[in-house]
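Next comes just one chain, in structure tokens: the form predicted alone.
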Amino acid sequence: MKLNQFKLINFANRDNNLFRLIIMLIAVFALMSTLRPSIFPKLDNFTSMAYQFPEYGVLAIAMMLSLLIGGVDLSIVGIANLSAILAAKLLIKFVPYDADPGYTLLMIGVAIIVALAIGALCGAFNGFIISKFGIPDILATLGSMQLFTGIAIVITKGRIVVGIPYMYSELGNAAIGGIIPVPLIIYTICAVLIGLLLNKTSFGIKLYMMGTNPTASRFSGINNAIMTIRSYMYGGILSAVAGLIMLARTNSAKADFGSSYILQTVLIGVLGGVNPSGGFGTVGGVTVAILILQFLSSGFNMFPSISNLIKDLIWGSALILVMVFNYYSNKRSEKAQISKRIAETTNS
């Protein structure tokens, strides 16, 4: 199958999926606005959400890259924390309290580069052991999650890393024009870049093809091992970006921060239309799914009686229900396509 033909087939139903998600987003917004009209639809609430969701939103895009090839990356939070810890340690060591602002800004740039490099290295490591040794994705990334978290614990001795230069947090939590938060801008840049990578480059088309049928992609001349390594490496870079966002928001770093994000990112991916078996998913769908979960999360926070334990129950139940719904939806779509092909063959 030619790549252009595959692209047309793969994206044939994306508009229907996105339309369904937008309807869900509107419904959730209307529900929460009705339940808490004095709080939820206010500008302050939306500003707060714009600071909250980018960190796990970027992680969700990282998770999507692994899901697209039929895998899963359980190490994204571990990579995020390790990258943030190393960046924080570098800033604390080389930026004194009374450092010149220009020097501080330079070292912040160096720390960001180091964090992104660590993320890329960790992601490439995941892709390497999966593609070269044939270790299942879930087992490989489960092991690397413990490895990266263990390294972070050794570095920090299990303590929270504090004392980061104030300029870093000030820049990371700033708002352009006093309206648009910097974390939201970072998320938008990441989403646009990955969207272009998947839709406008040969790498993206090959990634979708590999996720749909690894055997066919291999016989088409695609190097599945290289594609796997690159996919996890890009996911590692995105994880490091999320770690830097978390570092700025909390003004600290910790080895086990954000452990609940793993379940949420998988839920976001599946809710956003990403096929867990690989081959289909869009950044647009994931973005709308992120907003749906953020609206729900913010709505839950307005009800003190809803504990975090109940939230986990809701997220887990939602994940199962969405997967069941997508399964039957895909089945109906496949039957419709088969019926259409039979009708076309009969008529011809």
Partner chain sequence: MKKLTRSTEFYIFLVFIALTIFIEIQSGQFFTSNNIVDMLRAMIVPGIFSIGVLMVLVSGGIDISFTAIALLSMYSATKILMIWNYEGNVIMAFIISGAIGLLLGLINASLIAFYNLPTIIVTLGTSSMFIGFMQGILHSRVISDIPKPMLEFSRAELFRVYNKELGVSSGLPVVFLILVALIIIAWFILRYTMLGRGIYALGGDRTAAERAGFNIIAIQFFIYSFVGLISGIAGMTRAIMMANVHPTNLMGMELTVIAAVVLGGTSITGGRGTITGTLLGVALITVLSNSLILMGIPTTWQKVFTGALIIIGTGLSAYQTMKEKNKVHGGMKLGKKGSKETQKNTTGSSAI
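Positions refer to the first chain, counted from 1. The structure displayed is predicted, hence computed values, not measured ones.
What follows is about the form predicted together with the partner chain, which we do not show.
Colleague: Test of understanding: in the model of the complex, would Ile194 fall inside 4.5 Å of the partner chain by heavy atoms?
Modeller: Ile194: no contact with the partner chain in the model of the complex.
Colleague: Hey, in the model of the complex, is Phe19 touching the partner chain, heavy atoms inside 4.5 Å?
Modeller: Looking in the model of the complex, residue contacts with the partner chain do not include Phe19, since no heavy atom lies within 4.5 Å.
Colleague: At 4.5 Å between heavy atoms, is Gly134 in contact with the partner chain in the model of the complex?
Modeller: So Gly134 counts as contacting the partner chain.
Colleague: Taking the shortest heavy atom distance, is Ser144 within 4.5 Å of the partner chain in the model of the complex?
Modeller: Heavy-atom contact with the partner chain at 4.5 Å: present for Ser144.
Colleague: Looking at 171-179, 88-96, 222-230, 107-115, which stretch has residues with any non-hydrogen atom within 4.5 Å of the partner chain in the model of the complex?
Modeller: Looking at the other structure, the answer is 222-230.
Colleague: Should the three residues Ile130, Ile151 and Val266 be counted as contacting the partner chain in the model of the complex, with contact defined as a heavy atom within 4.5 Å for each?
Modeller: Checking in the model of the complex: Ile130, Ile151 and Val266 are all within 4.5 Å of the partner chain.
Colleague: Of Ile245, Val161, Val270, Met209, which one comes within 4.5 Å of the partner chain in the model of the complex, counting heavy atoms only?
Modeller: Exactly one listed residue reaches within 4.5 Å, namely Val270.
Colleague: Enumerate the residues of 208-222 that have a non-hydrogen atom within 4.5 Å of the partner chain in the model of the complex, in sequence order, or give none.
Modeller: The stretch 208-222, when checked against the partner chain in the model of the complex, contributes Met210, Pro214, Thr215, Arg218, Phe219 at the 4.5 Å heavy-atom cut-off.
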